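Quick heads-up: the structure tokens below are two forms of one chain, split into structure 1 and structure 2.
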Structure 1
Amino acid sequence: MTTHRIRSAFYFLIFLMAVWLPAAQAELALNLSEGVTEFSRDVYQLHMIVLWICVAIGVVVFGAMIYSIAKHRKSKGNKPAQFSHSTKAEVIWTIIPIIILIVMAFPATRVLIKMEDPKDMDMTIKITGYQWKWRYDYLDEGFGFLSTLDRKSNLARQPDSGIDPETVPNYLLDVDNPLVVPVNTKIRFLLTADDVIHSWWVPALGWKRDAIPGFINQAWTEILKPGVYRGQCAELCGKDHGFMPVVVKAVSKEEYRQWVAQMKGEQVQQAKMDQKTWSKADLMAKGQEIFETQCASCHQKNGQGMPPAFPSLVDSATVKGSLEGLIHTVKFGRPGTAMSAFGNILTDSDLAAVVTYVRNAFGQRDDTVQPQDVAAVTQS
């Protein structure tokens, strides 16, 4: 009995240290974070209000129980009262919880209404989920780009990669192209998906939204503090669900304007790249990079795949067969299989590069595909 009491006292002391010592509280992260948006801080305040109401209820209820147990225990000669029920008590313990719920409902309703009211927005960004990547379209600026798990993390996660994940900064939580937004700007997000249900979630923003094929969800945010904020897809969306991070980079308005100008310049440059004639060496180098980023998650870096869902590409009929057929498969996908369409994700020059790489690396062919060849292949 003495040992049990000593152990209980030790656990209780540890609990007090975790709650009251600032260093311990910071280390154990016992509370929610406030986030970096006005809405996330409203949610945090709502959480604290409800928490302290629950604490007060707990103190009253358990305090009354402990007092009653100690004051009216049998060892002091007390005998239990004989009664079946008390109408007055039942009315009281029904009315008081109703009042408490109404009190909590007012601030909760205010926050929910605010969350669903994206009026007076300064800009709009469309977010589209794919297996397993995100596309961001800046509707006001007229450009967009793909955001995929960064190459270092993607290589490190491959079977038998020989890379220690501990050596990769922000392993599985970094991307090649983050979503860049200005601070102190009201931003409306339109969320959808192209294949299955995804969920776009950045904890620091204070909300998450499902991205559903054929449906558009709406959300908004206004980031108050510059920084890099990370999240993930929060809906089980298939084999690589765990490798679909979200990175939001909030910058000053001046930095954002400079970034937009840079992106528009790159868009013009990309249009030129889709018109030029590429050398085979350049296509192979670019194609390998795209394959390892976009295709290796299913077909593996060596092209061996993971049959039967993800077949091997090495010496396959698809790779060694008709060149036009291979372009069609990569560009428009293959209905009824796990092969997605990349025509609305990658540019013509990207598609030309990856088809050239696959054709030569896994089909033992000596072919070169140009962007113009990709553009000539249409959906039949």
Structure 2
Amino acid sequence: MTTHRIRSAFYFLIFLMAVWLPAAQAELALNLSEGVTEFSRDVYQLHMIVLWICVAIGVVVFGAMIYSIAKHRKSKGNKPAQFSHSTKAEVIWTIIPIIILIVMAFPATRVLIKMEDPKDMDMTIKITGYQWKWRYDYLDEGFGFLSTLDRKSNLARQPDSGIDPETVPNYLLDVDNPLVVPVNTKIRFLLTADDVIHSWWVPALGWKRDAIPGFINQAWTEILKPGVYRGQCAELCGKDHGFMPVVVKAVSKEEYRQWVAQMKGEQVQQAKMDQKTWSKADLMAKGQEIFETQCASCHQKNGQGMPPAFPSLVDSATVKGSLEGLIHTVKFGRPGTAMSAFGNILTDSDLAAVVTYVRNAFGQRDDTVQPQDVAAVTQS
């Protein structure tokens, strides 16, 4: 290679750096986050140790290569040596990597043992993965709720939304109901899934763990700093795998107690909601909100769906047919199709609202469905 070629390659590299530097100035996340648990900090340190060992090995190996490429070239009149092996050298570069690997294995083993040893836990939260949302059950408190992609992100991510993701705060990393946990508390997580394998991951906690249908997995954490920590499902789980974020809100123990009391109050409230008779306007407003978070990912915001897997709701026979049949479809699903059962996921008042909305918006039928109507429909 002639020198002018080297020079042009060099100029190209400078050009690349010029592209990269402004990017780097925008405070881009380049590295693992240190996180907010002891485990995540251990992992971060481990990561840095191994990274620097690799860099050091790289400098030696690539350094030798570059020196050799610069010096041992035919154009410099170098006469090729004819050696073809050296037992001494080969033993050395077998032994040295073994030593380096042992050095890496010690801290790795220590950190792993710590992760797999959940002792003296203060509370237990069960995480269930669904396509495509999470359910959190506070086993000691006796309540639980679903956590779905936030409505703003959900609207912006639709293919023809026309909304610039940059204008949506925490685009794709926000949910309607975050997982609220106390800080400085050892929390055991039990993970399972309803349909396919999911993986629950918050980088700031330092780990991810698979949620597998029919099996229970465990993990634990103790968050040291209050704050909101965001993550995503990490295991491909179907169409909307990219749209099931995890948000953990770590609060002080006192705030957590208040929040638990409030949630329990809301449960009583929820029971009342299912008893009362709603106005049509309230049902429509609530129904639209639920439709856009729960249904629009398949049936689309405009109800047109994506046939054949996700049929259009507009003027569909089911939507226009008997009210009981429509409620049944939403509540118990359609076995053998992508339509899942929402009976265990939404409350009766939510179901009433969404059925009212679908019926009016897509079926052109002027009906009102009350929570009591939903309760009356049982699986046939």
Partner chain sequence: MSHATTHEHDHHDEKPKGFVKRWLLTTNHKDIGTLYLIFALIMFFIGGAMALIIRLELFQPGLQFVQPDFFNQLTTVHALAMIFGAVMPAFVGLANWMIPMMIGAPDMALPRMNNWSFWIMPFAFAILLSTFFMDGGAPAAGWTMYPPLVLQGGKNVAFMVFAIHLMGISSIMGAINIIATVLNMRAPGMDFLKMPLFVWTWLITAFLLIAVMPVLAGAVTMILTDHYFGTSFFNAAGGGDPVLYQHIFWFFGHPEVYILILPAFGVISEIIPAFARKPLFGYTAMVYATASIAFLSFIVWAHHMFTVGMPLGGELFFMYATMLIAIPTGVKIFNWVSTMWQGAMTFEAPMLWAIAFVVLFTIGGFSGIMLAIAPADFQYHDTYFVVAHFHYVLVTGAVFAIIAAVYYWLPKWTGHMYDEKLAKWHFWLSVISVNVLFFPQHFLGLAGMPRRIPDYATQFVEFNMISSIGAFVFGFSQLLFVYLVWKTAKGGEKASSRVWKGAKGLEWTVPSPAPHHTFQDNAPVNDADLAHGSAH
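Please read all numbers here as calculations on a predicted model, not as lab measurements. Throughout, residue numbering runs from 1 along the sequence of structure 1. Just so we're on the same page, rigid core means the largest C-alpha set that superposes within 1.5 Å between forms.
Peer 1: With both forms of the chain shown on their own, indicate which is the form predicted alone.
Peer 2: Pick structure 1; the other is not the form predicted alone.
Peer 1: If I superpose the two forms on their rigid core, does the C-alpha of Lys301 end up displaced by 2 Å or more between the two structures?
Peer 2: Comparing the forms between the two structures, which are aligned on their rigid core, Lys301 does not shift its C-alpha by 2 Å or more.
Peer 1: With both forms fitted on the core, check whether the Cα of Lys74 differs by 2 Å or more between the two structures.
Peer 2: Comparing the forms between the two structures, which are aligned on their rigid core, Lys74 does shift its C-alpha by 2 Å or more.
Peer 1: State yes or no: after fitting on the rigid core, is the Cα displacement of Asn344 between the two structures at least 2 Å?
Peer 2: Where the cores coincide, Asn344 shows only a C-alpha shift between the two structures that is less than 2 Å.
Peer 1: With the core fitted, just quote the Cα shift at Pro107 between the two structures, in angstrom to one decimal.
Peer 2: A shift of 3.9 Å.
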